[in-house]
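A lone chain, given as structure tokens: the form predicted alone.
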Amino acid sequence: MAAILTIDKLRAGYGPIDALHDVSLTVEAGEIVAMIGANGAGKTSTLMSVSGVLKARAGSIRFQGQDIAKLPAHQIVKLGLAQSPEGRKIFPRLTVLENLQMGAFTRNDAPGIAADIEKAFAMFPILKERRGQAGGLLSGGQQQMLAIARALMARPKLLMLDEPSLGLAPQIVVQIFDVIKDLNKAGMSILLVEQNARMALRVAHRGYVLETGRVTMSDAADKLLVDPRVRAAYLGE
């Protein structure tokens, strides 16, 4: 398989502080790659750098062979890379339908947008029931569904998910991860940041462990699941 995303020696940060130190990772076309680590390890900063929100200070970020490190965020979305951010960050005063339409802001194919909205409603039927309701009035689980569906409205080739299970009831978490697996089976490449390391590694093909802005381990997901260091630090054993 060819790499759809290649990050090489990425350095980025906030103010005078570097949050990422020579982070390197790849996502192959058609695979799920998980990033795990403690709070503050640099997982979200990595995703924000790929999205163009946090600018790289050094290193390269190549998406489908093109260096995107200096591109503005909206151009990166147009290339086929979308993110469902930590904390969902839906538009609370807009309706469910309007949130989905905002996800297609780079597109002008009205029939295709309408068809993708129906696909989102088929994927998450509760959103169809709530289509006219303000996003801020949805439950946490429904907002997470909306955040994922909104990202999919950009028709990404690579979907980045930041903490999709955070704060959700167990049955909703199972539903969200079923959707992640279904998307991948349909060919979607996924870069997954997830605090539930066990669930993340169970659905992923490969994984990376980040600690204080550095990649400290990388391996096949099933091997990381049984690694004593990972089990002790992230699986509560």
Partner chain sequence: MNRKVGPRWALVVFLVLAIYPLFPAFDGWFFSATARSLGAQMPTLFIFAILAMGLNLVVGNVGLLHLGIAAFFGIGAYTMGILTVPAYPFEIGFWLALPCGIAAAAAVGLFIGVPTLRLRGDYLALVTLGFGEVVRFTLKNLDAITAGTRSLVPVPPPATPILTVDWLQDFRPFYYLTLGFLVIVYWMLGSLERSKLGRAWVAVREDELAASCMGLNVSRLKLSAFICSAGIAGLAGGLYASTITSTAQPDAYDFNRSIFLLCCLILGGLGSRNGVLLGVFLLYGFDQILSPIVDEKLQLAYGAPIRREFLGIPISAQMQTFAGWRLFLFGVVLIVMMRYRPSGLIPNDRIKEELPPDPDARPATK
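Positions refer to the first chain, counted from 1. All values reported here derive from a predicted model rather than from experimental measurement.
The following text describes the form predicted together with the partner chain, which does not appear among the structures shown.
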Spell it out for me: taking the partner chain in the model of the complex, does every residue among Leu183, Met188 and Lys223 have a heavy atom no farther than 4.5 Å from it? no
I'd like to know if Val173 sits close to the partner chain in the model of the complex, meaning any non-hydrogen atom pair within 4.5 angstroms. no
With the partner left out of view, is Glu98 within 4.5 angstroms of the partner chain in the model of the complex by any non-hydrogen atom? yes
Using a 4.5 angstroms cut-off on non-hydrogen atoms, would Ser165 count as touching the partner chain in the model of the complex? no
With a 4.5 Å heavy atom cut-off, would you call Gln144 a contact of the partner chain in the model of the complex? no
Within 48-63, which residues have a heavy atom closer than or equal to 4.5 Å from the partner chain in the model of the complex? Met48, Val53
